[in-house]
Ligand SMILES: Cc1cc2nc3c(=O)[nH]c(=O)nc-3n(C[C@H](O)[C@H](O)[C@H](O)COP(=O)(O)O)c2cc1C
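Here's a solo chain for you in structure tokens, the form predicted on its own.
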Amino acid sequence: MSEAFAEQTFDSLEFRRALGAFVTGVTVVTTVQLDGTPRGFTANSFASVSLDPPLILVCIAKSASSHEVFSATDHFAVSVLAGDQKAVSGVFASKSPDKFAQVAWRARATGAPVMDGAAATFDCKTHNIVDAGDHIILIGRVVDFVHSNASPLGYCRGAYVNFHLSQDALAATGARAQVGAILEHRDGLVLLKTKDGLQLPTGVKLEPESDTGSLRGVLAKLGLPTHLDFIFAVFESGSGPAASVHVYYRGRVTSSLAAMMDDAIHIVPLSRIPWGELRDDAVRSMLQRYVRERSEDAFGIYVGDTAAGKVQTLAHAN
């Protein structure tokens, strides 16, 4: 194109909200100051840059109190926090003067502190510092790293995301389980027509697709290419030997209506869900919450049983 694009003026708050749709990890970036004391802050602007040489980057706002220290340091470390380290993230996001006294840490090869229990840590020599608008990009050459099997702590739309909740929930289901999906198509919600009424696609476990009893297998048999996102609800029903655990994901259909040939599949607009035709009271209640949270774009995870539980917030409404 020969014409230059006119530079637009963005609403900074809306731009930040849009960027918040990208799910990131949570890190603590640290170094040692000239007087020998440690310094650190919480950041989610972390990324890999190169494998050869091994380079990573973090971004630091020029308005941050740590900007002067990190823009002059010749070494730093990045700790990728584990799912149970929200408190560590909070400490380094605060203005507390004794942050390192509140957490367990150790020094690595460069002397920079890393957090005990982190999912991964990267010890770096400063490779380059790039000016980038109201931030600097601190690029480090990794000289030492450690990683574990711990699930990482996530962050999305202003709230933490606990990825290991889904793994724990599925591991705890045992033999009696129901794993289902709340799936949206561009024209509405996917419901299945059965002799007992409408229901969501469900299986006795999540995978594999080759098992017709699993959720993936059920979706494959229906010819429903889907993408599963976060867990939406985990709850128990029944008691004693008849007790079972229900795990529901939210997700989306990735094909057109023409590709759906199974007569059992019904695509129903969220505003016209036939509540009286849903065979399960707990599923009806869960879907009513889904419709409400979908309209607010603020999802949570319900954990409890069919009578009572708690919604664990994933993202706050803007």
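Position 1 is the first residue in the sequence shown; the rest follow in order. Since we're looking at a predicted model, the values are computed, not measured.
The protein also exists as the form predicted together with this ligand; that form is not presented, and the subsequent description refers to it.
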Which residue, 212, 94, 194, 128, is the contact with this ligand in the predicted bound form, using a 4.5 Å heavy atom cutoff? 94
Contact with this ligand in the predicted bound form, heavy atom within 4.5 Å, among 76, 232, 155, 235 goes to 155
Contact test, all of 219, 250 and 290, partner this ligand in the predicted bound form, heavy atom 4.5 Å: no
For the chain shown here without its partner, which stretch in 56 to 64, 30 to 38, 265 to 273, 281 to 289 has non-hydrogen atoms within 4.5 angstroms of this ligand in the predicted bound form? 56 to 64
Using a 4.5 angstroms cut-off on non-hydrogen atoms, would residue 99 count as touching this ligand in the predicted bound form? yes
Whether residue 185 contacts this ligand in the predicted bound form should be assessed with a 4.5 Å heavy atom distance threshold; does it? no
Could you tell me if residue 145 has a non-hydrogen atom within 4.5 Å of this ligand in the predicted bound form? no
So, in the predicted bound form, is residue 135 in contact with this ligand at a 4.5 angstroms heavy atom limit? yes
Listed by sequence position, which residues of 106 to 126 have a non-hydrogen atom within 4.5 angstroms of this ligand in the predicted bound form? none
